[in-house]
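The chain below stands alone and is given in structure tokens; this is the form predicted alone.
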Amino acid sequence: MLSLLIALPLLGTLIVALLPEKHGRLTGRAIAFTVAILSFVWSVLLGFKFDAELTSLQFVENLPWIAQLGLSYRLGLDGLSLPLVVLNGLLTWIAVYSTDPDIQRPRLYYSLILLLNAGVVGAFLSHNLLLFFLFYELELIPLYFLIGIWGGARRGYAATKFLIYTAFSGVLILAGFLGVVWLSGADSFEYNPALAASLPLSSQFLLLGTLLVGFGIKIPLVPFHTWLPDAHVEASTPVSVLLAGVLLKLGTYGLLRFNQGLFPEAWAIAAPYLATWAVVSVLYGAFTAIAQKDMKKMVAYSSIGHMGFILLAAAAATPLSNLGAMFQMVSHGLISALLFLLVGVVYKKTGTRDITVLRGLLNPERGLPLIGSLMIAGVMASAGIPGMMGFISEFLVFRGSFPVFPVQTLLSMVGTGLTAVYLLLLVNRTFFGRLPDQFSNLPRVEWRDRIPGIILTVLIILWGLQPSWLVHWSETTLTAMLTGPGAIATTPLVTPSTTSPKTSLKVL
């Protein structure tokens, strides 16, 4: 069942790549769109079949592959990976749908999009360390070409920088996985939280640091972040949607699954320093975003700040903070995708992203009123306004982290206030005021450009009003990760008498 999520996009990649050139544009787009829809629908169906009360892996597939290397084809789904698999399917469909139908070299483009989807979903489903690494590296190849071929004027520089950073990230992750297996004396790379339990604390710290930097580059955390703004600015809009919405989540997923999950003892000791690192990322991302003039670069730096919230939640390592980390991953994926889509529409219609030039785009007659309205909704969600997903995710993060790290949590809350500052600056300068003459009578926004933004806005509001529809998938899994042998979290979530893991949401 899980292999179908990998096989469908791989088969689609092959079919689109082998199409005759004369049919590549329309037929290639239709095939990519169909495959993306089928993959998304299948992931949703798996969600309905998923038993949220179980803590064990579900729909497990385990086939021997290269026994001499300890490599097996082991896939499984739990409450941490399921929301991200569904998110990947949704945003891949949106990326294909929002792509310009007249894009150059369509066969190669759509093949790379589907290959990227297969690599990401394979990483989220893998429960063999070496298999995870293979899928993690697989997504590097299509994204490099998607930026380097269809990007902006400095696309070569941005793609090369992305390649170097991500390749170094992969080297560190592989080194960490090899260290876990060799030092523990395991005979395979099967994911097992008990692998590192017998290791000396010094070895745990060494392996934890190696993996932390590897995944920190991917997230990215300060000071490993410099590749991200360049990649976003030069990437096309659909690629930015996938980069911010899905690709960064490989890093945060690894943070929870492999750092916190494999080294709970070392993680608990390092947690105060990690929480401080989170504050640095949050505040740096926010202050740097305030200084930006390019709309896309501003949204890119906001991603760096919001990824810091996930590190803070993971450092606190309470069931509620981990739940907040998961919700923040999905929330940021949807909100950042919405913002990048809308910035792309503004650039397409006006030819600029400079907030010192744009004015009055909310004009109901000659501007972009619907796009402006959706942008305001996206800004409200990112700033954590109640009724939106951003508020729920940040509330869970702060509520779960405050009992453990009160100072770092309060400082991170300052970052939330700064988020409102720079995003309100963006909206105020770009959409309000008098529409300049050079932007009067802008081209009409087609429904192809409107529908993805409307869908994302509806989901952001829906899960902001009914978060339980999302968190019920993950709550049992994330609680079990912290309540087994070597558990990190000891702080009660609500009251000392609270015993059921399901009561953590009563604070809402």
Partner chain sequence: MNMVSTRDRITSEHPLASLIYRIEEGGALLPESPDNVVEVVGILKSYGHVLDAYWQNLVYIADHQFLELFPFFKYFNGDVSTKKLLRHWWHDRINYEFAEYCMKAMLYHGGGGLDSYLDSPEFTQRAQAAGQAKLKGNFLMSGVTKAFPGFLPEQIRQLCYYSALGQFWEVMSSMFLVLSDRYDRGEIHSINDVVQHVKNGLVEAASKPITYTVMIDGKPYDIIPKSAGLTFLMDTAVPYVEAVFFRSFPFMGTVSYNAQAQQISPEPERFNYGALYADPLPVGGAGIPPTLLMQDMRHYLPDYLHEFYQHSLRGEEDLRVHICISFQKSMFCVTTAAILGLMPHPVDTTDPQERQTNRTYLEGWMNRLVDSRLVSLQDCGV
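Residue numbers count along the first chain shown, from 1. Because the structure is predicted, anything quoted here is derived from the model rather than measured.
Only in words, not in the display: the form predicted in complex with its partner chain, which the text now covers.
Trainee: Please identify the residue among Gly209, Gly367, Gly76, Pro264 with any heavy atom within 4.5 Å of its partner chain in the predicted complex.
Mentor: After the contact test, the surviving option is Gly367.
Trainee: Though its partner chain is not shown, can you say which of Gly351, Gly152, Gly433, Pro272 has a heavy atom within 4.5 Å of it in the predicted complex?
Mentor: Answer to the contact question: Gly433.
Trainee: Pro64 near its partner chain in the predicted complex, any heavy atom under 4.5 Å?
Mentor: Pro64: no contact with its partner chain in the predicted complex.
Trainee: Does Thr237 reach its partner chain in the predicted complex if we count a contact as any heavy atom within 4.5 Å?
Mentor: It does not: once its partner chain is placed as it appears in the predicted complex, Thr237 has no heavy atom within 4.5 Å of it.
Trainee: Would Arg444 sit within 4.5 Å of its partner chain in the predicted complex, counting heavy atoms only?
Mentor: Because a heavy atom of Arg444 falls inside 4.5 Å of its partner chain in the predicted complex, the answer is yes.
Trainee: Although its partner chain is absent from this view, report whether Arg448 comes within 4.5 Å of it in the predicted complex, heavy atoms only.
Mentor: Output for Arg448 is no: heavy atoms all beyond 4.5 Å of its partner chain.
Trainee: Go through 142-150, 181-189, 357-365, 252-260 and give me the stretch that gets within 4.5 Å of its partner chain in the predicted complex, heavy atoms only.
Mentor: In the other structure, the partner sits against 357-365.
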